[in-house]
Every structure is written in C-alpha cells, then in structure tokens.
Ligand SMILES: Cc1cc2nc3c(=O)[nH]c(=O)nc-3n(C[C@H](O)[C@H](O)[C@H](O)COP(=O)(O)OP(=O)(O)OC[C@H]3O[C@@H](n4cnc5c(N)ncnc54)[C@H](O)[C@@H]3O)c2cc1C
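Here we start with a single chain on its own, the form predicted on its own, put down as structure tokens.
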C-alpha cells in the first residue's frame, strides 16, 4: 500500500507528488500518457509561461472573487518565488516580460518539465506511466486507492490518501478528457457547469484571408443583449475560424457564458490609448496638409495592410482617396470604426481548444487549507479539476503549482497521521519555507 497515490502528472500532480514524498510519504504518481507534463509542454506555444510576476496578492486578485478567496491559503504557502527558486536550483533561468509573464530563458517548456522530474526522482516518487485510472475506490467511507488499467491489464492500487490532479476537459489530446469530473461526481461532489476559458473564438462569418494577421495591443469587447459582457486588452490574431491570441482568450470565458443566454458579438478598439477626439485631430491635421497622400497610407500607421480595406469599408471610406478630399462625415465614421470595429457574431467557443476549463468541482466542497474533500475523507483535489480559471498570463499554472503543493502536503500528513513525525530521505529537501 502506498501512503499517497496521485492521479495525473501535470503541473499540479508533479508538485503534489514531490511535496508528499519530501515529507516522507511513500508516493506513487499515475499518468495516462507516456510522458509527464504534456500540457506544460504545449503551454505558451511550447515556451511555457511559468507564472506571473509581482506580489502574490496581485496575482490572487486577478482571479474572480470566490476563486481568489479560495486560493489565498495556497498562494501564501507556495508562491511564484517558490516555483522559480525550485527551477533555479535545477539551472532553469527565467526572464519577465513587460506584461509580467515569466518564461524560461531557454524558451523551452521541456526544461521546466525536466526540472520538476528531477525533483520527483530525487524524492523517490514512484512514477507509473501509460496507466489509466478507471475508478476511485472507497472503503468504509474513505478514499482508499484506485482501479487502474495499464499494459498488464487492470489492477487495484491501494493508498491511505488519493489526490486527483487530472486536469479539466481542455485539449483532450493531452489526456485531459474530463475523467476527474465523473469520478468526483460519483463520489458525491457537485460539478459546476463546464465552460470554455482561454479559448479561441470562432466567428459566424470569418475571413480566412486574414489568417495569420495580428492586431497589436487592441481592446476586444464581447457584447450580448446590447451591453458589454467582457473585455480584454492585448494582441489579437486572426485565424481561419475567427480570432485567437491573448485578447481573444481573455474575453472567451465571459463570451461563452453570455452565449448561453443570447447571441454574442465582438468588436475591437484598434487604438485603446487614443480617444475619439485625438484620432479626429490627426485626421483633421492630415486633411489640412493637402497634397496627394491617400487615406490608406494613414491607416497603415494603425492597421496591418490586409485589414485596411475592411476598416475603410466599414466607415464608408475609399482607402485610395486623397486625405484632403475625405469629408468630415466620413472622417467621423472612421473614428467611430477605429474605436469599435465590428467583427460580427460569435458562432462557437470550443471548450476542447481552451487552455483551461471554467467550472469543475465546487470550491465549497474542498478545504482550501489542505485541498481535502469535504465529501470523502482521504480524497484531495487540486489544479484544473477545481472550479478555478484565471486569466491568460501564467496565472493558471501558478494556481496548479500552489494547489498541488498544498494537496500533496495535506495528503501526506493525513496518510502519516498517528505515525512518528516523518523525516525526508537523506539529501532530500524538506519543507519549503512558507511564503
């Protein structure tokens, strides 16, 4: 029998396994894929946005209120500085971008994964790959192990505590197929309805020829029923199906929720730092200059060339017209269009393409101090299986690291309760100082 059995070898699972083993618990980690950290591998386009910089209170406040309240204990006990220190000890240097996102200097997510794997090896975690869990076992009202299927057929793996760190339903190809929600529901947990989050947005009438075109630092707004339901500022990338990039991902959760009640449309503020009057002043100045300069030349200052005809058409303007011949009425329409360019109706927001899943195990049913289930003793839950979905920018990986670390500690202390005080194996770091 293992002391702690962890299901899922992603960010949360690896931190949980390492923490449990560092406290002296016999720890086994089960992963259905051939490798650990598959979702980390594809995060940030393979570059891995490890966390968000700054103090943990500001990181916490980026989440919704109820999520931020739940994360308070784990963010205090395992911080962004703790995960960066862990990586630094394994030779992974990092840098912080101007927007606060933290990446490895190498630009390789694999370096982050290898650093975490080295911790698991050093702490003596038993890692079983290519093992699919079929069911969480309960004996006398307590989580007692799992029924698993591997290359050698099915087997029962017993443990004193079980940690579910299996992720959500986004990117099924990574192994996150929503199994944990089914197990948690079967064990009596409430599952908050699942929605897409940090996902690309498919438009009802996309423009495939714009695929690959980016709008830098714009403001995307989602509207439903005549009001704004969400907004996000950042880069926008056009795709064959619609839009992606940080701005689209940032507004996708609100757009997905609103689409359940009515039609959702999107518009873009191309120049969020300039007001209507400031844009109008530029147009008046160019109009007064006279000469042969055409409107297209001015619009190319603010827009990628492939988007100029569409924006001009939306304002009823001829991009080839000399600026000094553009009437005031058209200039005003152009200002309005640049501040609220209509992208059209949303067709769908695919949950399976999202970086995270909104919804999951209700936070009311999990102890935020230990990540212990309030429904089933001996069961712990962490990472994306919980009803937590932060914004784009490294927040969700930090939530996985922090809740995983706390779950591993809670499970280890639970499993070892009544025994002599646990000691870490020789040469293994013990507890990380609390943040």
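Positions refer to the first chain, counted from 1. A quick note: this is a predicted structure, and the numbers were derived from the prediction, not measured.
The protein also exists as the form predicted in complex with the ligand; that form is not presented, and the subsequent description refers to it.
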(request) Answer with one of 68, 42, 376, 53: the residue that has a non-hydrogen atom within 4.5 Å of the ligand in the predicted complex. (result) 42
(request) Could you tell me if all three of 8, 354 and 396 have a heavy atom no more than 4.5 Å from the ligand in the predicted complex? (result) yes
(request) Give a yes or no for residue 167: in the predicted complex, does one of its heavy atoms lie within 4.5 Å of a heavy atom belonging to the ligand? (result) yes
(message) Can you tell me whether residue 371 touches the ligand? I mean in the predicted complex, with a 4.5 angstroms heavy atom cut-off.
(response) no
(message) Residue-level question: is residue 265 within 4.5 Å of the ligand in the predicted complex, judged on heavy atoms?
(response) no
(request) Give a yes or no for residue 17: in the predicted complex, does one of its heavy atoms lie within 4.5 Å of a heavy atom belonging to the ligand? (result) no
(message) Counting any heavy atom within 4.5 Å as contact, can you tell me which stretch out of 124-132, 342-350, 313-321, 229-237 lines the ligand in the predicted complex?
(response) 124-132
(message) For a quick check, can you give me the residues of 180-202 that have a heavy atom within 4.5 Å of the ligand in the predicted complex?
(response) 183
